[in-house]
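Next comes just one chain, in structure tokens: the form predicted alone.
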């Protein structure tokens, strides 16, 4: 498979961001291309697929379109009633081996990592930056760790995942590749007054 090139190559520049501060208010970082596999099932067989995932991969499928479940380096997001995203690390081969056992009558699986840009936003002002465009309450009680939401920012569809973190709020934002540059330009402009840093791509 051909290497995935960053959609932000022409505009991404690591370094200080905006107003200088003793401690960065926000840190931005593009994440390396993910092993992102989408499974789309059928209503009549989706329950059985979920049971099979739990048995074969050792990870429970979320019952709602809000919670993220994780085991080892595989996370599952239920992005629709019968649609799942598997976000995988080194275990992607294990997930692929499972999906290859499924027939078209069970589910349709597609690798979609090439179609998304993933941006990690961390720091004490991470919520502030996102809420300059995201119409969702990101307070800990309303949007705790291991949840996600699909919404729009700057008129661009996004999926926002609140990550577990001991160093303050941390979010991964998934953006369709075709909107990546527009979203990045908005994000940098929104974050600049708060001060921070753009890290080298992970």
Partner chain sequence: MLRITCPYCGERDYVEFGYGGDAENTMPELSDTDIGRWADYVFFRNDPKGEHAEFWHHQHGCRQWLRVVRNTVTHEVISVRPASETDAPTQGKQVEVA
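Worth saying up front: this structure is predicted, and the values here are computed from it rather than measured. Positions refer to the first chain, counted from 1.
Not pictured, yet referred to below: the form predicted in complex with its partner chain.
Q: For the three residues 71, 122 and 164, which mark the spot I'm curious about, does each lie within 4.5 Å of its partner chain in the model of the complex through at least one heavy atom?
A: Verified in the model of the complex; spot residues all out of contact, no.
Q: Contact with its partner chain in the model of the complex for residue 135, defined as at least one heavy atom pair within 4.5 Å: yes or no?
A: Because a heavy atom of residue 135 falls inside 4.5 Å of its partner chain in the model of the complex, the answer is yes.
Q: Taking its partner chain as it sits in the model of the complex, is residue 79 near enough to touch it, meaning that at least one heavy atom pair lies within 4.5 angstroms?
A: Although its partner chain is absent here, residue 79 would touch it in the model of the complex, with heavy atoms inside 4.5 Å.
Q: Using 4.5 Å between non-hydrogen atoms, is residue 44 touching its partner chain in the model of the complex?
A: So residue 44 does not count as contacting its partner chain.
Q: Might residue 36 be said to contact its partner chain in the model of the complex, defining contact as any heavy atom within 4.5 Å?
A: No, residue 36 is distant from the partner.
Q: Is any part of 139-171 within 4.5 angstroms of its partner chain in the model of the complex by a non-hydrogen atom, and which residues would that be?
A: Residues within 4.5 Å: 149, 150, 151, 152, 157.
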